[in-house]
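What follows is a single chain, given as C-alpha cells, in the form predicted on its own.
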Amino acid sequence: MKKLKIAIFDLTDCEGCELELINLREKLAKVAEQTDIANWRFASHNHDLGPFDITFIEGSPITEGDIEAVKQARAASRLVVALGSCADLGGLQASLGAKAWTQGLKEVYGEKYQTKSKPPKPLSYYIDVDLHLPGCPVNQNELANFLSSLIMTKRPEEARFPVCLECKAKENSCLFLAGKPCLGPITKGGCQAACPSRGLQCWGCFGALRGGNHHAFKSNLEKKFGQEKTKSLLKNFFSNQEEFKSLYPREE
C-alpha cells in the first residue's frame, strides 16, 4: 500500500500543537512508519516541496510571505488541515480586531513604527481548508484518532456536542452554575473537558458549537457578568466565526 505523503508547516504561533504531535511518542513513531513525512521543520531534515497527500498547517498567517506560503501549500496538497486554534480560528491574538491591532503596535513600538504584519486571520480567510482540528493546544487523544482516521483513508468526524457533555461524563461540577463564566455550553467538544476538569473555565478554544443556542447563552452571560465582560469572553476564540458575527453584527 502506498504511504500517505505528509507535510507539516507552521506560521505565527507558539508551536504548542506541533509539540503535542511530538508528545504522541510511540503513536507518532507508528504514524511515521505508515506515512512519508516529507516536510516538517520541527522534527525532520526533509524539505520536500510536494505534492502532498495531506498538509497540516499550524499558526495564523500575518505577513505577505505567510500568505504566499499557505497558498503554495494549498496548491501542492490534496488535503489541508488547520492544526490548532491559531490556524482554525485565528487564535487568541485575532480577538483584538484590526483597529486594536494597529493601536497596540503603536503603543508597543511607537507612532513611527511601520509593520509588515497583518491582523491575524484563520487559514480559511486565505485558502480553502478541508479539515479542522482546533484546540489551544490540540488534544492528544483527538489528534491520535484524527491521524489514525487519515491513515485508514477515513474522513475524521467533527464533534457535534458541547464541552458540557464531556464534563458530565467526568462527573465535573458545573462551573457556570457555580458563578464562573464558562463557555462549555456553546463550545465544540473534543478536548475531553481539559480545563473544567482542573477547575478552570472553558475559554472556547475549540470554537463555537454548530447549532448551539448562542443568543440565549449570551443573554445568560450578560445577566451574570455584564455586556462588556460577555463580549470580551466571546471574542477570545469566536471572533472570526459566524456565530459571533450573528451576536455582534456591527463588530469590526
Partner chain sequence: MSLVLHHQDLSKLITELSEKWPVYGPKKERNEHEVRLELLTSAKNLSLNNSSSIVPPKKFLFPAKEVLILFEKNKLKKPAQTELILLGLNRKDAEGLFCLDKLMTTPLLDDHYAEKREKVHLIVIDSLAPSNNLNCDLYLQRVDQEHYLVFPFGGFGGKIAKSKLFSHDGDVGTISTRHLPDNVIYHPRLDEIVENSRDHPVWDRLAETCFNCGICSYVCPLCYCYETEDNFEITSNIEKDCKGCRNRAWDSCMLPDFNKVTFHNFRPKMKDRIYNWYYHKFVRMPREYGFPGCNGCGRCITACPAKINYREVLKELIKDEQK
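Residue numbers count along the first chain shown, from 1. Remember, predicted model here, so these are calculated numbers, not experimental data.
Just so it is clear, the following notes concern the form predicted together with the partner chain, a form of the same protein that is not shown.
Peer 1: Only one of 105 to 113, 158 to 166, 81 to 89, 130 to 138 gets a heavy atom within 4.5 Å of the partner chain in the model of the complex; which is it?
Peer 2: So the stretch in question is 158 to 166.
Peer 1: Find the only residue in C202, V70, L209, C191 having a heavy atom within 4.5 Å of the partner chain in the model of the complex.
Peer 2: When the partner chain is considered in the model of the complex, the option within 4.5 Å is L209.
Peer 1: Using a 4.5 Å heavy atom cut-off, which residue among S117, S124, Q93, N172 comes into contact with the partner chain in the model of the complex?
Peer 2: After the contact test, the surviving option is N172.
Peer 1: Would T63 count as touching the partner chain in the model of the complex under a 4.5 Å heavy atom rule?
Peer 2: The answer is no: T63 has no heavy atom within 4.5 Å of the partner chain.
Peer 1: With the cut-off set at 4.5 Å between non-hydrogen atoms, does M152 touch the partner chain in the model of the complex?
Peer 2: Yes, contact at 4.5 Å.
Peer 1: Is the gap between F217 and the partner chain in the model of the complex 4.5 Å or less for some heavy atom pair?
Peer 2: Yes - in the model of the complex, heavy atoms of F217 and the partner chain come within 4.5 Å of each other.
Peer 1: Indicate whether the partner chain has at least one heavy atom within 4.5 Å of a heavy atom of A144 in the model of the complex.
Peer 2: Close contact exists here: in the model of the complex, A144 approaches the partner chain to within 4.5 Å, heavy atoms only.
Peer 1: Only counting heavy atoms and a 4.5 Å limit, does any residue of 14 to 32 reach the partner chain in the model of the complex, and if so which ones?
Peer 2: Stretch hits, in order: K27, K30, V31.
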